[in-house]
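Starting off, we have a lone chain in the form predicted alone, written out as structure tokens.
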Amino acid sequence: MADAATLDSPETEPQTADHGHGDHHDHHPALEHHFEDLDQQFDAGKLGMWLFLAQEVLFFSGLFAAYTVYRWANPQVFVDAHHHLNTTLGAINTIVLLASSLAIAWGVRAAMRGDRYTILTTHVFTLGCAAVFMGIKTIEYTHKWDEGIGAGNFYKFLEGQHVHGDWMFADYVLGLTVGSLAVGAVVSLIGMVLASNGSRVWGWCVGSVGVSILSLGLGIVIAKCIMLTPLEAEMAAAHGDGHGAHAAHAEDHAAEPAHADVAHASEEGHAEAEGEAAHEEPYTGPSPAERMSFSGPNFFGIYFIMTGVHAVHIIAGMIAILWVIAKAADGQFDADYFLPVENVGLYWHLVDLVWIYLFPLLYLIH
């Protein structure tokens, strides 16, 4: 902001000013009338953004406090329940959000230099990453609901049993995936055509929406390649058991001599272990399935609220990024005025930071 333009004081500015070349530098089009200069406007806007982020931190702190209380009260339930979350998908989403943070930081740096093209490309890339994140979360959520794993009274999961509903989300995933990829490709193409025909703002906006839809479908494809539905998991397990039975049968023949040699030693060790176990108190507490039945809704209530609120912030961030893209395509940012780009970048970093805490707390419990 060292080169920020300034307004002359009202006393020295004539009423019928000549809007010539020098006046263009004194009256930056982005300067609001209630600020004296761009530096003051920048400082005020930055302070307001930090205050907004502080209240966001307080808001999420309440959710993290609720997580701490419930986990302290039911530590074993949280350990049991987190096995129903897919760690690989959580790790992929973490990498995707880190990449988006790097891109938007690059975009802010480009805004400081007045590099409009880099602002646009980095923000479109960030939009794509956000949409991939949402696509993966879509599959995670729908799988949970199809298994009867919901929040509060919607929790109907029973170990070893399947929920039979009138309709399942999994039945519509293929249509959603194909639709997202096809519609996203068409909308992106329309955006390119508009941009090439001189409608730069509409071209970048429509193209960005197309990239988002296309990336949403890509996220769904990635998640489906990793996470199987309960029925698909059963079929894969049955297929694997068939191969496993043949392999085990072959291994049994190969291991018969060795098995005979170690059988006597094994029987002796087993007898000693049984003798020691006879002196231990039998475990009379609830089984993992019983613990999940009674307290599983607590964990998944916390899971859906925290990740759901985070997803709402992701969507809000995508809308803000799309707004930045429209303004940047219209040429409203330069080396003197880039406050909105920086503020949206700060907001996006906070959203990513919240996920950095959510991932280990929900997916990596030990």
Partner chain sequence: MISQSRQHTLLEAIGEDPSRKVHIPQGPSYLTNPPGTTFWQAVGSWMFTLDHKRIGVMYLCGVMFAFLLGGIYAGLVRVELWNGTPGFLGESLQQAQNNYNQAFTLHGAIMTFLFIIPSIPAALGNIFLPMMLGAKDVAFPRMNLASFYLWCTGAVFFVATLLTSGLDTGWTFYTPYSTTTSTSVILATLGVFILGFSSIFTGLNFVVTVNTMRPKGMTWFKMPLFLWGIYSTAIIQVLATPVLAITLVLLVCERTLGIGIFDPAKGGDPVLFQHFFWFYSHPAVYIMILPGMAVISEVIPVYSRKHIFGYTFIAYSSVAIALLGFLVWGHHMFTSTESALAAVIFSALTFTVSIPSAIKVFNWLTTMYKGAIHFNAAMCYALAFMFLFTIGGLTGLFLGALSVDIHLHDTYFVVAHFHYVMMGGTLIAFLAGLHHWWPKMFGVMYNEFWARIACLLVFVGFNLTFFPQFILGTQGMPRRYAAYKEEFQFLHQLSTTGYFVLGTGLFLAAAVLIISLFKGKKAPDNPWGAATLEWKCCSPPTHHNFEVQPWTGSPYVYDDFVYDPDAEGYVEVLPDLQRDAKPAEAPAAPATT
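Positions refer to the first chain, counted from 1. What you see is a predicted model, and the numbers here were worked out from it, not measured in a lab.
We do not show the form predicted together with its partner chain, though everything after this point is about it.
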Next item on the list: Report whether all of 36, 61 and 298 sit within 4.5 Å of its partner chain in the model of the complex, measuring from non-hydrogen atoms.
Entry: yes
Note to self: Using a 4.5 Å heavy atom cut-off, which of 136-144, 99-107, 69-77, 123-131 contacts its partner chain in the model of the complex?
What the structure shows: 69-77
Notebook entry, point to check: Can you check whether residue 31 is within 4.5 Å of its partner chain in the model of the complex, heavy atom basis?
Noted result: no
Next item on the list: Classify residue 48 as contacting or not contacting its partner chain in the model of the complex by the rule of any non-hydrogen atom within 4.5 angstroms, answering yes or no.
Entry: yes
Check: How about residue 305: is it within 4.5 Å of its partner chain in the model of the complex, going by heavy atoms?
Finding: yes
Item checked: Residue contact check: residue 176 to its partner chain in the model of the complex, 4.5 Å heavy atom -> no
Check: Heavy atom within 4.5 Å of its partner chain in the model of the complex: which of 201, 228, 151, 112?
Finding: 151
